[in-house]
Every structure is written in structure tokens, then in C-alpha cells.
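Below you'll find only one chain, the form predicted on its own, shown as C-alpha cells.
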């Protein structure tokens, strides 16, 4: 039977997020669902690489720890868990979740695993598809492809919840859809009711980054103060069957929820506010308004939406060479001049050794690494040189850190604290793929 009200909380906004606020929500938040959003653009490609090398399980490395923290309370209270921590290995993640439940003594635990986002085989047969970012054919990166995952929508998440399993684990799903899916399931909304989908998608976008809407990544002391930031809580949404949405947080949790925090999050990562394309609808944010109905309670109104597009966005991860970096600190009088000289020396020595780079740059962290040339700015008393080079040659990338370290006795005086790093570059581009080419399915994994 359809519900009249749903309270959905957010347990994480990225893979490295804190989990104390999630525990706070499941234990004291009177929530019905908690969603953990843990996939950035490159995460699946990174987890595939870790899986291939035997360096990781293919799913979020923090999955077990997060579930241990919340599953006892969720099982006791019937709180559903929805998460994309399955990353590149959703089935393995489902089995890991069952192992955690068994370890915790949770009886009759089942996990619904949503599959179908991995479309590498489909793309291999369609090299003519155009990359959205460059217009080049997919064929130009196909030989270096590491991953290809379609952004699935709320309909698939709702189908997984209909299984009755306490926990739903997915791979790539659009961030707002993790929250829209539980609403579809709870209220029995039509997937063509765009008035309700608009409100639901607006709520999902507000929630998806967790602490950002409660004051994290908002705080600016003396300008935008956030109370008790060290105890920042995560938000929840109260949603009605009619599509009414109120964003809030626990009274005892740190942070703030108001029109300003919600406005900043609403526009976060948005290209066109009038056409925010998700797998569920095309959201128009132009009419959205925020009304404070109580302290840390904001009503969200005025969301509109057009029908969803006939295709899914597919995120294609591929290998794009190597990045080598080296760092060294300089301090005291004339530190900036010494650091600049050191950077020029490294660049010249790399050229003398015949190494080629697609890009090679020297930045002074604390002076010009974020905002470019620093003419007219006050010089700091200490600064950190960073030299970074992108190359198709691993040897060239390794040479960057080597030459920076060599500055100890072969460069300006006063350098200290060297650091070097070399990593493979996992780049991401996108294509569009017709929905009918992306069938989804649900597999149930149990702890027995």
C-alpha cells in the first residue's frame, strides 16, 4: 500500500565522506530510508583498475565499515539502505553486505543488487558514437577504454526496492535518482508524473552531496558562519505523496539549513538551471523557491520538469597516459624567487634529458597554483613548489619527481620536504546511448 509520507536521509555525499552523521540519522532521525551517494565520475574506472591489479574489491573500499556502522539500527527499525557503493562490482558488494549482516547477527538479511549499467560490450560494437566533450568518434579512445557505465534512473532503483530487501546496492545511477527511486516506490507515483518527478529530483539534487546543504563547503568565517561545524550533521527530506518537500536536519546536529545553503547546493555542478538533464526528467530550476517554515526547515516549491530524454548518458573511463609530480618547500627571505628558479631548473633539466610532455607546469602552492600568475599579490614567507607533467611515457612522468628531489643539492638553497608521485591518468568522456540498449535486472543476494 502506498504511503503518505517519507523521510529520506543521506548517509554520504562522496566515497571518502564521514559516517558519524549517518549513524546519527539512523539512530535518532526517524528516517525511513538512508541513501549513500559514493560515486564520482572517475570512481568506477578507478575501482576497475584496482580490481584488475588485485589492489581492491571493485566496490567502495569503505562499504563494509559504513554498513557495520548503520545496519544494526537499520535492521531494528526497518530503515531501507540505498547506495551506489557497488561501483564496478555491485554483485561482489552485495555479497560483502551480506557477510557484514551475518557478522552482526542480522537475521533474514537480503540485498537487492541492481545490474545493467556496465555497457562496455555495447559500446565496443558502436565505435561511431560521438564523444559529447570533443565531438570525436568513440573509436578514438575505444582501445584505451577501462569502463563504460550508463547513468541509470529512479525506475530501476524503485524496482529493486520492490523486492523487499533491506539494502539496495547499485553501480552507476544518477545521483538524484538514488533519492527519487525510494519516493517512486513509497508513493506508487507514475513514472510519467513529471510534476512530482520535478519536486523529487530537486530534493534529490539538494541531498546528494550530504553535508554541503547543511553548511559544509558553505562556511566562510565572518561571512557565512556555520554553527558547530565540527559536528556537522547530514540532511533529510520530508516528502509527501503529493510531492511536497521539506529539507531539514536534526536539531542537535551541527550546521545550518536555510535558503542560502539550499540555493548554493541547488546550483552546484549545474550547466543550465533551466535544463538539468537526469535519467528521470529534464528539471527546470527557474521557478524553485525556498521558504523557511522553522529553524533548519526549508520548504522546496516550484520545481518543473519536461519529459526525460530517450537516451542514457554513459560515462566512459579510459587511460590517458601518466602524471608525474614532485614537490619541495622553500621558506624565509626571497623564498618565492628561489622556488621559481628551482622550477625553471627542473623544466630545463627534463628537456635536456629528452623527455616529452603533453603538459608540464610549475606552480607555487600558496601563491599562484589556483589563480594563475601572481603579479601584484603579496609574497608569502613560505611557499611550496609543485612541478607536474602529463606524458604518454611513464619514464618521463617518473623523471619529474626525481629531478625535484635532486634540487636538494643541485638547486637553490633552503629546499625541504620533497614528495614525488606517479599515477596513471584515468580520463572520462561521455556518449549518449539509447535506453533500449541498456536493459537492467535485479539480483537478490542473501546472507544464508
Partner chain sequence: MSLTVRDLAHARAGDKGNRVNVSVIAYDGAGYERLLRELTEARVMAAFAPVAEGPVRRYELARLGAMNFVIENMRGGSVTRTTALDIHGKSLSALMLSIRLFGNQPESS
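Every value quoted in this text rests on a predicted model; they were computed, and no experiment measured them. Positions refer to the first chain, counted from 1.
As for the form predicted in complex with its partner chain, it is not shown, yet the points below apply to it.
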Quick one: which of 114-122, 163-171, 355-363, 90-98 gets within 4.5 Å of its partner chain in the model of the complex, going by heavy atoms?
355-363
Since the partner isn't included here, can you check whether its partner chain sits close to all of 11, 107 and 193 in the model of the complex (heavy atom within 4.5 Å for each)?
no
Indicate whether residue 320 is a 4.5 Å heavy atom neighbour of its partner chain in the model of the complex.
yes
Even though its partner chain is not shown here, does residue 386 get within 4.5 Å of it in the model of the complex, heavy atoms only?
yes
Can you tell me whether residue 426 touches its partner chain? I mean in the model of the complex, with a 4.5 angstroms heavy atom cut-off.
yes
Would you check, heavy atoms only and a 4.5 Å threshold, whether residue 329 touches its partner chain in the model of the complex?
no
Looking at 310, 78, 127, 372, which is the one with a non-hydrogen atom within 4.5 Å of its partner chain in the model of the complex?
372
To verify the annotation, which of these, 182, 153, 216, 243, has a non-hydrogen atom within 4.5 Å of its partner chain in the model of the complex?
216
At a 4.5 angstroms cut-off on non-hydrogen atoms, which residues of 209-240 are near its partner chain in the model of the complex? List them in order.
212, 216, 217, 218, 220, 223, 224
